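Below you'll find only one chain, the form predicted alone, shown as structure tokens.
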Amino acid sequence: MPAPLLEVENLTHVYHPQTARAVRALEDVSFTVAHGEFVAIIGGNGSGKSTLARHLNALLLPTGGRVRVDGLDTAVDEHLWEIRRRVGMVFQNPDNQLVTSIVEEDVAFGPENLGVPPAEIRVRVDAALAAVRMSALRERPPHLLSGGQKQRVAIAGILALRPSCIVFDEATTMLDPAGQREVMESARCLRDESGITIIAITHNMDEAATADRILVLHEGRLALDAPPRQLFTEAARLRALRLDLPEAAQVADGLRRRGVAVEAGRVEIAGLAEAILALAGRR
């Protein structure tokens, strides 16, 4: 079996340690992520999601435990830049991630700062813009783009660095529904077409439902780790963790209560259509 891309082992993080302001944000969190996997991380406010995200590319270092990226320990200074090349981050506010006045120049910014030869930069920019369906807007000023388009440019800028993994740290929070769909469709396409590992930190249960696997954080600890269909059969436990079911799972639960045979944990709206029609036919 190939080695995992990400290894999180007994990770603990304390802000302001050994002071009166000490806050324990993560406690003994362990999991692995395989190459090419799409993992969602969910949890209520203050559960430690964003703290965990920042450990995955060494923006934060462990207070206890360790994090490895392709075998590279994030706590080793010599590994820092290679880890950040392999794990890119997309944050909430796209305006904070765009640094130039033209889309293609923004995508080229990262490789230029790494000293990539100009001919190679051109190849990378073209490929990255094509991957997020933004080639036609390559000469557009970023401030004229929609929120979803700006996030796609931010993703392209990371792709130009040739990462193994992209972490979306609540990257759709500030977007309208159309922008949210744009960003998540881009993420899924990158995983399906390029094999890039995707980590989606989100509070949106419908986004989480599209992942291969969901990790649930609660008060800094890993409470659940399961595929969506398995996870969403545990409605009572999720509610105890102050989380709701995604819309499709709520519909499925309602249908089952009406006596309609629907597979437990179903999370696809399209897959519920026949069951809904069957219910309507019985009235």
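Computed from a predicted model, the values in this text were never measured in an experiment. Numbers follow the displayed sequence, beginning with 1.
As for the form predicted in complex with ligand ADP, it is not shown, yet the points below apply to it.
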Completion exercise
Picking from G64, G254, G36, G46, the single residue whose non-hydrogen atoms come within 4.5 angstroms of ligand ADP in the predicted bound form is G46
Fill in the blank from the handout: Within 4.5 Å of ligand ADP in the predicted bound form by heavy atoms, the stretch out of 47-55, 65-73, 244-252, 230-238 is 47-55
Handout entry: Partner contacts in the predicted bound form for 1-35 (non-hydrogen atom within 4.5 angstroms of ligand ADP)
Key = Y15, H16, V23, A25
